[in-house]
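Two forms of a single protein chain come next, each set out by itself as structure tokens; they are called structure 1 and structure 2.
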Structure 1
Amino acid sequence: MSQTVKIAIDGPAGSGKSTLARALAARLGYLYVDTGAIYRTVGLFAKRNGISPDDENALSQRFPDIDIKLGWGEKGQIVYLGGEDVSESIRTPEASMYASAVSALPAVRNFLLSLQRKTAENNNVIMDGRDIGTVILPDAQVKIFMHADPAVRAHRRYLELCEKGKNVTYEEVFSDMQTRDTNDSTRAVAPCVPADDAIIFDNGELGIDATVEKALQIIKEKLI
């Protein structure tokens, strides 16, 4: 089998990496893998089972019961937990905090590593997360690290949640984002930092169309 193309898009919460990755996958005909959704699903499992998201031992003992599968439909990636479609259930602010906590646990990251890499071995993928270029796909041909001011990112996430009918305030979203930024960038295992060979892409002043076109230019230059 010929080598697959791997594109890694990393960045902090609300940086637009998921929106960009979905759009790029559609334009290029690649498979989009939202790794954050996978960690959110582990967090949801912990929440539903009364397990503290920072209790690595308790969560590790339940790994055999955490059945995560990925599917793809008209609206993109679908995440299943024990056969249940939890794609919407994992998108609440509380689920975000659980995801941030469980993703800092080495055992959880090791547990999910093979699932993510196996997907990339068999498909041309665009994978977004916080450590794709540094840990999950260090051999990715293209690595982009998204960046934008925290206030801009919080506003984006607030509008996204409002569109989904979530009852949240901007202040709550901004506070959660600051906490997640600190947790994600300072954790001992796989922190959210750019890979040495990543292109730093600040899209704080760009709309989605301009962001996509700029990213396509970066990809084209890297793959030539």
Structure 2
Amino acid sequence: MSQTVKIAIDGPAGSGKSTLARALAARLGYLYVDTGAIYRTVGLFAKRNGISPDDENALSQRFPDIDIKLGWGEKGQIVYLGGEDVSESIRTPEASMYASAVSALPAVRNFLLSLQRKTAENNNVIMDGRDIGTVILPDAQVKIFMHADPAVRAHRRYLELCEKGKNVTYEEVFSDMQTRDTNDSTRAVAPCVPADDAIIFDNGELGIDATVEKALQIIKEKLI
């Protein structure tokens, strides 16, 4: 079988990586894999089962019961937990908090490693997350690390939440983002940092179309 193409897109919250990854996958006909959704699903499991999201021992004991499967439909990636489509339930602010906490646990990262790698085995993929280029797919042919000023990212996220009718202030969004940035980039295991061979992509000044075009250029150059 011919070798598959793996494209890793990492970066902090609000850096626009999922919007970019989704658009690129559509343009290139690749599978889009949103790994944050998988951590969110473990977080949801913890919440539903009354397990504290930082209790590594208690959560590890339940790993045999955490059955996560990915599917793809018209709306993109679907996540199943024990056969139930939880794609919507994992998007609440509470699920985000749980996801952030469980993602710092080494046992959880280890537990989710093979699911992520297997997904990339037989498909051309664009996978987004925090440690795709460093840990999950270190052999990815293209690694992009998204960077944008925290104020720019917070502003984007604030507008997104306002559009969804959420009652938040910019200051709250900025402060939450700073907390998550610190947690994600300073944790002991798989922190959100660029791989040595990643291309740092600052899209702070670019709209989505220009971002996609520039990323396609990077990909073309790398794949030649």
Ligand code: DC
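Here, residue number means position along structure 1's sequence, counting from 1. This structure is a prediction, so every number in the text was calculated from the model and none was measured. Basically, rigid core = biggest C-alpha set you can superpose within 1.5 Å across the two forms.
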item	value
Matching structure (the form predicted on its own), either 1 or 2	1
Shift of S185 between structures 1 and 2 at or above 2 Å (CA, core fit)	no
S175: Cα shift of 2 Å or greater between structures 1 and 2 (core-aligned)	yes
